[in-house]
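You are given structure tokens for the same protein chain in two forms, set apart as structure 1 and structure 2.
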Structure 1
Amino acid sequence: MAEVVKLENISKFYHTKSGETEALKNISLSVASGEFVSIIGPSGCGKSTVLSIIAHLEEPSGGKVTINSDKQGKGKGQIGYMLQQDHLFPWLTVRQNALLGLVLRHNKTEEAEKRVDNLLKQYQLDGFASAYPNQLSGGMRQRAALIRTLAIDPAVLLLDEPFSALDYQTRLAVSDDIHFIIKNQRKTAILVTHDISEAISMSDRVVVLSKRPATVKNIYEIKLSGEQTPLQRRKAPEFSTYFQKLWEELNENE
């Protein structure tokens, strides 16, 4: 299958007034088209740095990043980013928020507007198109934020702990919604989380990073029988085996 993201021997040093921080060491990872990959690792190990490098927000100190090898140099516009806060602007309606990425890219064509309206409709937000974000539930806001990200038709979606501001019940429901939309749109996604269950329930593969400087400790392919939605996947018989392996791997002393 076509590779969308390819990281080869990525290293990253941050230079600050107080000295040098080695964040990443020798990170190699390929993500195929339509794949959902999660990255887990200890707090501060370099997870967000990996996403920043894929998004070209940070330059790697060494190694090579390739986004859609056949479209070199166009990687920048093809990245969709979703963060913990939904960053919806309170003074814009849901539809205006969803169109914002296109407006900023001077790309608000009729076709793109149609795509946004279809997405709003498909994912049950059309009734709220003229509503303001504060009239929406937390889950609906995250859905609106995802639609804004999808509006630019990105090749890859980067999700940096997008559910961590939500309470547990909402979080379960929203991760089901977000997973459904991403799979339904056949998008490639990379999710950073420190929640092992969330990683297993949502992903085709889970990448475990070591503590800083992050190296790839292990990559698990997740195979769950009768797999459906993330909620249903949590009930699969193999789930607890993966959980135990990942938990041990994360808490192992090096």
Structure 2
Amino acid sequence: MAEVVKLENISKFYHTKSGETEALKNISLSVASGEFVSIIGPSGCGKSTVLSIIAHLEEPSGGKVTINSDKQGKGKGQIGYMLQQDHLFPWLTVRQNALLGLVLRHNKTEEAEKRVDNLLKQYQLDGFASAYPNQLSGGMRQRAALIRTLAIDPAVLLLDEPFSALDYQTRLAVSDDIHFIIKNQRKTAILVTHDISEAISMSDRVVVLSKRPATVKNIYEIKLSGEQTPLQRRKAPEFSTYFQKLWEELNENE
């Protein structure tokens, strides 16, 4: 498969009054088209910083980021970013929120509007197109946020703990919904999460980062059925084996 995202020896230093802090050290990673990759690691190790650098929200101190073979920064227009909160505007309807990215990019064409309407219909939100965010459940809000992100037709989706604000039962259901939509749309996705089970159940590969300064400790290929939902994958016999390996990796030398 074609390579969509490539990180080559990425480093990141932060400068403060108290001195210099090394956050990332020689991070190298490639993500293929249509692949779902999760990044896990100790709290504060720099997982979200990796996403910010991929999205060109932060510049690396060293190394290169390539999006679809573009090293000059133009690839940033190909990135869709989902944060921990859905950030739907309460005064806009679901459809208006879904169109917001297109409006801000001055790209709200008739064709683009039709694509958004098709996404709302395909993922069971067309009946709520005129509703406001406070009328939606947590899961529906996350679907609306994802449709808003998909509306700009990004090459890569970055997901920064998008389910962390949800209760456990809702989180399981929403991860199924989001995973289905991403795979159905054949999108390349990178998820940052603290949840080992979430990473295993949703991913083709899981990248384990070390404590700060973060390096890539290991990359695990998750050989569970791609035809199963994340919830079904959690019930697979091999799931507990992956969980044990990743848990031990994260807690090694801690």
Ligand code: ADP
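Just so we're on the same page, rigid core means the largest C-alpha set that superposes within 1.5 Å between forms. Everything numeric here is computed off the predicted structure, so don't read it as measured data. Residue indices: 1-based, along structure 1.
Q: Which depiction, structure 1 or structure 2, is to be taken as the form predicted together with the named molecule?
A: It is structure 1; that copy is the form predicted together with the named molecule.
Q: Could you tell me the distance the CA of Thr16 travels between structures 1 and 2 after a rigid core superposition, in angstrom?
A: That residue's C-alpha sits 2.6 Å away in the other form.
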